[in-house]
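In structure tokens, the next block holds one chain alone, the form predicted alone.
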């Protein structure tokens, strides 16, 4: 298995948030992303900028990361595209 491409890394980050019931603290998300801090920060900033994720203060005054509707849509479309590619063995 080769390196992950950019779209797969974004999918992995967004999927990790979803796996944690759409609420995860930044540090565990960094750990689960399997990226360096520098790489993770670039992706994180881009995902915030493109409104795929948002930072929210929870009931305990802790900052958590959540998917936006756009983030949920990305996950659906990514799965659809990869299913199509797999189906035609591309």
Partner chain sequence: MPPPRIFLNTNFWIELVYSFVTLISCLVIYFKTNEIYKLSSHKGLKYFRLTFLFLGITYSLRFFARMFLLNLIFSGTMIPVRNFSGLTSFLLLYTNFMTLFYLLYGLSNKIVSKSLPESTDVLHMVAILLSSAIWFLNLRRIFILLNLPLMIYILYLGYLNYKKSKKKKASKFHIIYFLLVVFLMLNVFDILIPDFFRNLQNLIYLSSISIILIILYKVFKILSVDPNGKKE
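Residue numbers count along the first chain shown, from 1. Quick caveat, the model's predicted, so the values are computed rather than measured.
Another form exists, predicted together with its partner chain; not displayed. Remarks below refer to it.
- Between the options 25, 20, 66, 70, the residue in contact with its partner chain in the predicted complex by a heavy atom within 4.5 angstroms is 70.
- Heavy atoms of residue 11 never reach within 4.5 Å of its partner chain in the predicted complex, leaving it off the interface.
- For the partner-free chain shown, 70, 73, 74, 76, 77, 80, 81, 83, 84, 85, 87, 88, 89, 90 of 62-90 come within 4.5 angstroms of its partner chain in the predicted complex, judged by any non-hydrogen atom.
- Compared with the form shown here, the C-alpha atoms of residue 85 and residue 52 sit at least 3 Å closer together in the predicted complex.
- Closer approach of the C-alpha atoms of residue 50 and residue 81, by 3 angstroms or more, is seen in the predicted complex than in the present form.
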